[in-house]
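A lone chain, given as structure tokens: the form predicted alone.
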Amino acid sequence: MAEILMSIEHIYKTFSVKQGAFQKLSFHAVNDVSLHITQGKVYGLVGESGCGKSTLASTILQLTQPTSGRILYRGMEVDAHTPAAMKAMRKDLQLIFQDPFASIDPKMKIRDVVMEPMRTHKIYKTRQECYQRACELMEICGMSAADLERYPHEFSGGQRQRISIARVLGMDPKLIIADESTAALDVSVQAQILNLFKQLQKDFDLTMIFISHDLNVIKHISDRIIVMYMGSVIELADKEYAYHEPKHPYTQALISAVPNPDPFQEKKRIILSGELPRFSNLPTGCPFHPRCPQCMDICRREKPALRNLRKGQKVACHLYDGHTY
């Protein structure tokens, strides 16, 4: 049985915003999320812009503290770590940013960009060992060791993203979160970077959470799909179930919007009415019910729990109360 690398238990992240001179509004950007991240799997995290994907990633990496709930890394609560243990844990949990132009210091040579994290964490005893590893990582990521002596402005967006990946791999990470890491790239370059991710995941047995709003990208790279809506996980399924037998009406609408590569095969498109609600004024019950074509009375009153529908698939929807497959 595969090892559970990380457990996310009932995580909330609340933000407060001022409304007027004396009033504050609070809202849950992440609303009672519980997940198990299994070693060696790639998880695709999808949802509309503003649904809480990046905020969830930030809480997992402890870049922002959750308001409540707990995160366990290999069975130990993250908040219980000593500063030294926290530093070691941060080495294991790495983030690849969306914008390859903003995530690399333009004044640093590429050798310093790739080597700095390894030197900070004292992964190698000497600078020569560190440099040798940087050369290896650049070649693994489709670059040249000679590129280490150049500056970021000399590279394209796709090449910069390869440099970012090499920098992260230098930490020998156990979990990588890629936050829209191909969104700023051309389609042909996206495909190259995705293939690189797949090869690296196979070679290094990486565990990944890949955040994207592009369902074709998620389908290409993921083993499991996590669907979020307004801060909540509404469906969690193996890729085959998510794309061929989605159960939540929101997931069904998302999948129906994916373009069909066969122009002669008709595909029914599900059009959702209404707009995304505001986090500061979420509807009672299920947050999706104002837009749901299958809304029932109970949906307006009670928020559905994320429950097992069958092995490999969970769904938060009252349509399946008491159902198993």
Partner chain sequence: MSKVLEIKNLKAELFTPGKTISPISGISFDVEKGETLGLVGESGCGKSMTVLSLMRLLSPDMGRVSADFVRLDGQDISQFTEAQFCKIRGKKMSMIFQEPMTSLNPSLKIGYQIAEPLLCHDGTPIREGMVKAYELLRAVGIADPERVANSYPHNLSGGMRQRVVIAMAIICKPKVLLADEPTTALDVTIQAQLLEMMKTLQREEDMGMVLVTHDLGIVAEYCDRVVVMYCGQIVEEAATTALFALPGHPYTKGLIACIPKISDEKEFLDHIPGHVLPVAQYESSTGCRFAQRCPAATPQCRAQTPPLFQLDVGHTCRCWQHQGNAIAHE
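Positions refer to the first chain, counted from 1. Since the model is a prediction, treat every value here as computed from it, not as a measurement.
Only in words, not in the display: the form predicted in complex with the partner chain, which the text now covers.
The candidate spot formed by 190, 257 and 264 is fully in contact with the partner chain in the predicted complex: every one of the three has a heavy atom within 4.5 Å. At the 4.5 Å threshold, heavy atoms of residue 124 stay clear of the partner chain in the predicted complex, well away from it. Proximity of residue 104 to the partner chain in the predicted complex falls outside the 4.5 Å heavy atom cutoff. In the predicted complex, residue 29 stays away from the partner chain, with no heavy atom inside 4.5 Å. In the predicted complex, residue 93 stays away from the partner chain, with no heavy atom inside 4.5 Å. Checked against the partner chain in the predicted complex, the candidates 99, 172, 238, 186 yield a single residue with a heavy atom inside 4.5 Å, and that residue is 186. Checked against the partner chain in the predicted complex, the candidates 72, 194, 130, 138 yield a single residue with a heavy atom inside 4.5 Å, and that residue is 194. Checking 82-90, 230-238, 141-149, 208-216 against the partner chain in the predicted complex, the stretch whose residues place heavy atoms within 4.5 Å of it is 208-216.
Contacts with the partner chain in the predicted complex, taken as any heavy atom within 4.5 Å, map within 151-184 to 156 alone.
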